[in-house]
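What follows is a single chain, given as structure tokens, in the form predicted alone.
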């Protein structure tokens, strides 16, 4: 099993979610996040004063998937989240030792289906 974390623009969340659902990967967790990367900072006016904004607002999508679905999941995120510009985000892949569905106590790949 693999854990895929994708940090993307909030405006791309719906497209990625629909793409994952069409690819039979409907289970995901979404977390609002802020961070900085290669994208430059920008300024906002707050109460008449200009404030430099260092952290960008993004969302993190987390999917736990079987090894067979890894490339499908990555391709869906790449196809639906990209705008071909700096700041589109990143994808991270981790190994998962085990998964347990609490309601039925099923373990392993059966727990994530």
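Positions refer to the first chain, counted from 1. Owing to the predicted nature of the structure, the values given are computational and were not obtained by experimental measurement.
The next section is about a form of this same protein that is not shown, the form predicted in complex with a small molecule.
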| Counting only non-hydrogen atoms and a 4.5 angstroms cut-off, does residue 36 reach the small molecule in the predicted complex? | yes
| query | With a 4.5 Å heavy atom cut-off, would you call residue 7 a contact of the small molecule in the predicted complex? | reply | yes
| query | Taking 4.5 angstroms as the cut-off for heavy atoms, does residue 49 touch the small molecule in the predicted complex? | reply | no
| field | the small molecule contact in the predicted complex: residue 101, any heavy atom under 4.5 Å | value | no
